[in-house]
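Below, in structure tokens: the form predicted alone, a single chain.
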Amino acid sequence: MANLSVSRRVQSLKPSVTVAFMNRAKAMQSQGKDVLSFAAGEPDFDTPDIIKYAAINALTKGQTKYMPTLGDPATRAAIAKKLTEENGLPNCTTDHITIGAGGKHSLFVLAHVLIDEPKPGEPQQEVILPVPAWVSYAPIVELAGGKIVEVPTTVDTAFKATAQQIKQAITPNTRMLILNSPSNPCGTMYTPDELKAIGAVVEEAARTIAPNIIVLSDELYEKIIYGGIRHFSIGSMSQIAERVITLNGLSKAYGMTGWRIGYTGSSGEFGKKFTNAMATLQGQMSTNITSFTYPSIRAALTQCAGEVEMMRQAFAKRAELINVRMGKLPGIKNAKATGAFYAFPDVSAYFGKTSKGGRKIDSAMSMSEALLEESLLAFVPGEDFGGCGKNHVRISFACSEEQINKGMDRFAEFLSSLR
């Protein structure tokens, strides 16, 4: 029995640090401890009733059987309409839509559809990733056989890579560029002009050095914006539209994290080819998502603009509050939150100090550990987000203004107590 083991690919896989700290906070709360958790990237709003009743009605009417792998035609058509009219994707039809069990599942499937493991003697296909970035991009790419090429950003540039940086990172082995705007974990977003400049670089690279380059545009937080920057879908650029896969879902904007609904949209002939490949692979994995949730997708996309705007306004107030509170903490460098619901402050000015409990603070991880154990405050350490993330912590402000103020009070007290 001692020789039995699990696969090497799983043995080498890092658990999600976000999930780890969220689960630890929940466990401590269940023990009666007054933990204030800022770990989960999960809106505190309930799913709108319109969405709930759409699923309930479908369930009571017997929509409980298998469905087409990528979703029923009516729901895929609704998503295609949304992507065409709201995001400006050209030539996006029902045949260009895939629906999966959450954005992460859709990302996993598309990575395995687009990335090949190298044959003996061949180089790995490269995936360009501006960092810091969401913790799951790199592991999923690497599981598919790809190699991550990091493009570093900093708090001083609002964690945005320039078109020139992207250009310098592209090689003949480049297969994919991942863009996430608004950003998890950074809480910032690219302007339309910045994305258009990156799109021009991709167009040039496709003609010269990287003919197989694809852009994955993760737009899960597209509706949670409040910094005066207009959301822009890079897939709307006609010159590269067929090279762009747009990833989205219902988790964040509609308060539906537990529903596990993600989708992709694409354009043109390659988009259809990609979609068919997604169907083949997903058909050997999960097949369709829960059958009675499809009417809820249509309800969310067509009937919930008011509820989405209410939540956006609440996030805007919370962002303003956390921006102000962060600005008053000595030694903390923070980029103004403009999208999503995260702050990602640089806390490295406090490295080398010691907490009241005798813990040496020499990293984002050690600070997060001390904050949780000594101040009952759950942040996510930034090491696994890559790049300069090792000097940062992620703070999700998807919670009440009261909790934000209490949490920032505890954080300020903790920082002032370090010696």
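We number the residues from 1 along the sequence you see. Predicted model only: the values in this text are computed from it and were never measured.
Omitted from view is the form predicted together with a small molecule, to which the following refers.
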task = Consider residue 243 of the chain shown here, and say whether it contacts the small molecule in the predicted bound form, taking contact as heavy atoms within 4.5 Å.
result = no
ask   = Heavy atom to heavy atom, is residue 190 within 4.5 Å of the small molecule in the predicted bound form?
value = no
message = Given that the small molecule is not shown alongside this chain, does residue 96 nevertheless sit within 4.5 Å of it in the predicted bound form, heavy atom to heavy atom?
response = no
ask   = For residue 295, is any heavy atom within 4.5 Å of the small molecule in the predicted bound form, or not?
value = no
inquiry  = With the distance limit set at 4.5 angstroms and only heavy atoms considered, check whether 325, 407 and 410 all reach the small molecule in the predicted bound form.
reply    = no
request  = May I ask you to choose, among 138, 213, 114, 220, the residue with a heavy atom within 4.5 Å of the small molecule in the predicted bound form?
outcome  = 220
query = 134, 254, 344, 159: which sits within 4.5 Å of the small molecule in the predicted bound form by any heavy atom?
reply = 134
Stretch from 225-233, 98-106, 331-339, 284-292 whose residues place a heavy atom within 4.5 Å of the small molecule in the predicted bound form = 98-106
